[in-house]
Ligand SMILES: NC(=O)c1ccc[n+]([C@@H]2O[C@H](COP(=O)([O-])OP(=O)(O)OC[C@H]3O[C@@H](n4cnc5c(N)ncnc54)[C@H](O)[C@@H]3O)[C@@H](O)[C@H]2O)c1
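One chain follows as structure tokens, the form predicted alone.
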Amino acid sequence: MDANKDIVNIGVVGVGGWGKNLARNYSQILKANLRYICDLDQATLEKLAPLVQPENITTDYQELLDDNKLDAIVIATNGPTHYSLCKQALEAGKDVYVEKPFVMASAEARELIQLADEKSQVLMVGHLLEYHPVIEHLKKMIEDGELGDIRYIYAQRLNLGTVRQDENALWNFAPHDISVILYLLGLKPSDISARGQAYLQPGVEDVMFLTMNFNDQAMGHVHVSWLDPHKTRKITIVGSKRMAVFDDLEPSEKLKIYDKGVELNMDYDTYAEYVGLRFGDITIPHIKVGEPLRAECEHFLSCIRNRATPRSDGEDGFRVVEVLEAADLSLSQNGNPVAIDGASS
């Protein structure tokens, strides 16, 4: 795309689920032109028909690839289709945004990253929570040392909701929380362990428990399920100075900071006197929370115009897929830890 071009022409592929929200956002952003919506289901397309010109509603992906005026393709289809669709788009000279999970294998992720580099195309992965104002606030707090050394982070993403057949709960739910934990810690896990069960469909786990070890510096724990009585979207961070809880389902008070912790006193001889608990105040920072998806869409457009590397670029997507792959292997080995090469020390 011409860096001096102001309006970015966008095509959204897969508008039956989350893709309809992406299409809505791009139709509303002034410096974006939603040129295409594409889906295999005609009835789905008809529901979103008012967003684009009638001639730009299509079931044929090739139309987008062949259109020289189209700058970028946004892919929001199911995970197993991402690799093929991304590869075709990059080869056609389009910038690409792809929803999570990036792809279903780290080797595929590495190939797409290299292809994007060779073609000088923008490649961005839809790790939405990295663009959430609360996560941005927590990232700054961690970098500024306000929480102290991070001991562990655990995330819960639970619901009694849509059951998928082509992705288990790990690949469908966990990329959100894995990406956030890696983003907040700025570390690569040294090993992964995972346990889960498939109760509704053989071979498709409905509930998963995933643990990431960061060279014994910190731990990350993720619990995902679409077979749970409670809808939960919560992340808890335990630091040596303070603790934080981000509850994304709270309408206004989404973040609470707890001035609690354990203090070690080297002056005492007995264990009871050596370890002390600190209970302080709870503070609720005022954070202006808009729609994270709008921020994410605008970031993609900015990267296209400025030929910049996205925050959630292909490498970010690769790291998450690498964790998911290791978790799958651990799951097949009854929870045995699986090492990840090149972990941060």
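Fair warning: this is a prediction, and the values are worked out from it, not measured in the lab. Start at 1 with the first residue shown and count on from there.
Note that the form predicted together with this ligand isn't included here; everything after this is about it.
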For the chain seen here without its partner, which of 95-103, 110-118, 207-215, 140-148 has a heavy atom within 4.5 Å of this ligand in the model of the complex? 95-103
This ligand: the contacting residue among Leu185, Met243, Met219, Leu85 in the model of the complex [heavy atom, 4.5 Å]: Leu85
Of these, Gln156, Asn159, Ser190, Asn172, which has a heavy atom no more than 4.5 Å from this ligand in the model of the complex? Asn172
Within 4.5 Å, heavy atoms only: does Leu128 come near this ligand in the model of the complex? yes
In the model of the complex, is there a heavy atom of this ligand that lies within 4.5 Å of any heavy atom of Glu63, even though the partner is absent here? no
Although this ligand is absent from this view, report whether Gly17 comes within 4.5 Å of it in the model of the complex, heavy atoms only. yes
Evaluate His223 for contact with this ligand in the model of the complex, applying a 4.5 angstroms cut-off between non-hydrogen atoms, and reply yes or no. no
Let me test this: is every residue among Thr44, Thr81 and His176 within 4.5 Å of this ligand in the model of the complex, going by heavy atom positions? yes
Determine the residues of 296-330 with a heavy atom within 4.5 Å of this ligand in the model of the complex and present them in sequence order; the list may be empty. none
